[in-house]
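Here are two versions of the same chain, shown separately as structure tokens and labelled structure 1 and structure 2.
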Structure 1
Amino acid sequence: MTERLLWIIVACGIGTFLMRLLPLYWRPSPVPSPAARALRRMLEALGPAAIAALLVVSLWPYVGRGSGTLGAAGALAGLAGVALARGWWGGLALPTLFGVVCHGLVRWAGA
């Protein structure tokens, strides 16, 4: 392990810790200040932004060079499966499982 990697791991740990600690100290006052409103909006946007970043990082190899149309079709089938299952049953586990099955079926059928 290089020293640079160690510092990256430490920075990620501190960032993760602060993301969980700061909302505990933030208490809404009866008349919120503009800074408090801005912090609240920033914290509310953090979750969807993190999920979108993870989605892009996860799907990037499927649409990049060398994966062809099968990779993109599998990714689209997985996303469609998640959206459909989320609309029908709701929740988190079943849509995830359904998306994985759709992705796997498309990849298996194309192989």
Structure 2
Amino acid sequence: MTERLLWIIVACGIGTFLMRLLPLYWRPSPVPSPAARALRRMLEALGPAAIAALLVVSLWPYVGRGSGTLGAAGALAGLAGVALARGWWGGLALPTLFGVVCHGLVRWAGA
């Protein structure tokens, strides 16, 4: 059991690491062809697209089927808290924490 667990963890780790490492050896051509330009635009869009998709997936437990109004209200309050704090203080850490606190207050009030 212990050995099986160890192998699973190591395999997951090695696979994830290789997915991060191997593309770092790839270099785009210095002479941009139409395909290379399209690839560049794709890479430009990729980071924000990944964040947006991750946001939607992470919000799903709060707004998806069967999540209830408390979950949706808490999520809304949390996102509003992040946006407000971002306007006040900027950065990432304080807005994140403030959003979590706003979410927690709504959950606590509704509990």
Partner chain sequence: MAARRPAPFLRGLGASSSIAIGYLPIAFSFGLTAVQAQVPAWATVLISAVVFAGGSQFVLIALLSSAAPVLGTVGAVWLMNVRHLFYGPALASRLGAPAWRLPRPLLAFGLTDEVFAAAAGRLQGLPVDERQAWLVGLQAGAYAAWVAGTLLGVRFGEQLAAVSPVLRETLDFVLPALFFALLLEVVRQTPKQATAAAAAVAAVLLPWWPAHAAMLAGMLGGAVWGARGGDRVPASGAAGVPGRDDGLDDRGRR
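Counting starts at 1 and follows the sequence of structure 1. Since this is a predicted model, take the numbers as computed values, not measurements. Take the two forms, superpose them, and find the largest set of C-alpha atoms that agree within 1.5 Å; that set is the rigid core.
Between the two isolated copies of the chain, the form predicted in complex with its partner chain corresponds to structure 2. After superposing the rigid core, the C-alpha of residue 11 moves by 2 Å or more between structures 1 and 2. Residue 21 is among the residues whose C-alpha shifts by 2 Å or more between structures 1 and 2 once the rigid core is aligned.
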